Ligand SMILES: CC(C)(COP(=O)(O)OP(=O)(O)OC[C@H]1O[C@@H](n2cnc3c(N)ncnc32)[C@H](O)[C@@H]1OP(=O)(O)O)[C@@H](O)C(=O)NCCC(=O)NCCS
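As structure tokens, one chain now follows by itself in the form predicted on its own.
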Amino acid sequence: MPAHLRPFHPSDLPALYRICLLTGDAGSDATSLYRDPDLLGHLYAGPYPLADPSLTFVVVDAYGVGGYVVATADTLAFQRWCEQHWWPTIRGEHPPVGDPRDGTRDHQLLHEVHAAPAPVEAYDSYPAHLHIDLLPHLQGQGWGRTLITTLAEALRRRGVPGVQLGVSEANQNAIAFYGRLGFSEVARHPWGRTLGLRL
């Protein structure tokens, strides 16, 4: 079956979690870095299609779902939704832990889970934000561009002026890719950059 893009279906959610983990180390497999394989998905994939399923799109081929983009049109509204509907259960099931000093990073994600919502940079210009991941066998075929352009059109139809994303400084290929799509730097951080796309 040739690869194709389609809107999210609830049955896709386990695949989103799996892909999030398999690309969660600056684009590489993060399986060895987390004792709980669902933590990355809880932060960066799971809540988005539940809060607004019409802004999640997936790429499917003969192997199943192999890529996705998830987004929210309004980051501040999304944060409020998560505080009410998403984080209470996740926090109850995943208490914070200290660093076991064994190379795993669960404690870092759990700190984010239990932290207050982060300030939103350049909200007036870029109120939307996205996360995108593709498994290696679908990379280099234009699917990343297709996912982002499909999402961008959906956001434009809602009158959203811009969308932002975070990217690790270690993922230079991704930084270059987003630059080719028209993203520009909004801010720099110790962990990487915030990039924004005007819509």
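In case it trips you up, residue 1 is the first one in the sequence shown, and so on. Everything numeric here is computed off the predicted structure, so don't read it as measured data.
The protein also exists as the form predicted in complex with the named molecule; that form is not presented, and the subsequent description refers to it.
Asks: Do Y17 and the named molecule share at least one heavy atom pair within 4.5 Å in the predicted bound form?
Replies: Y17 lies outside the contact set for the named molecule.
Asks: Check whether G140 has any heavy atom within 4.5 Å of a heavy atom of the named molecule in the predicted bound form, and answer yes or no.
Replies: Contact with the named molecule, yes.
Asks: Please tell me whether any heavy atom belonging to V160 falls inside 4.5 Å of a heavy atom of the named molecule, as the geometry stands in the predicted bound form.
Replies: No, V160 is distant from the partner.
Asks: Could you tell me if N171 has a non-hydrogen atom within 4.5 Å of the named molecule in the predicted bound form?
Replies: Judged by the heavy-atom cut-off of 4.5 Å, N171 is in contact with the named molecule in the predicted bound form.
Asks: The chain here is shown without the named molecule. Which stretch in 152-160, 48-56, 35-43, 22-30 comes within 4.5 angstroms of it in the predicted bound form, by heavy atom distance?
Replies: Careful reading of the contacts points to 22-30.
Asks: So which residues in 149-184, when you check the named molecule in the predicted bound form, have a heavy atom no farther than 4.5 Å from it?
Replies: In sequence order, G166, V167, N171, N173, A174, A176, F177, Y178, R180, L181 come within 4.5 Å of the partner.
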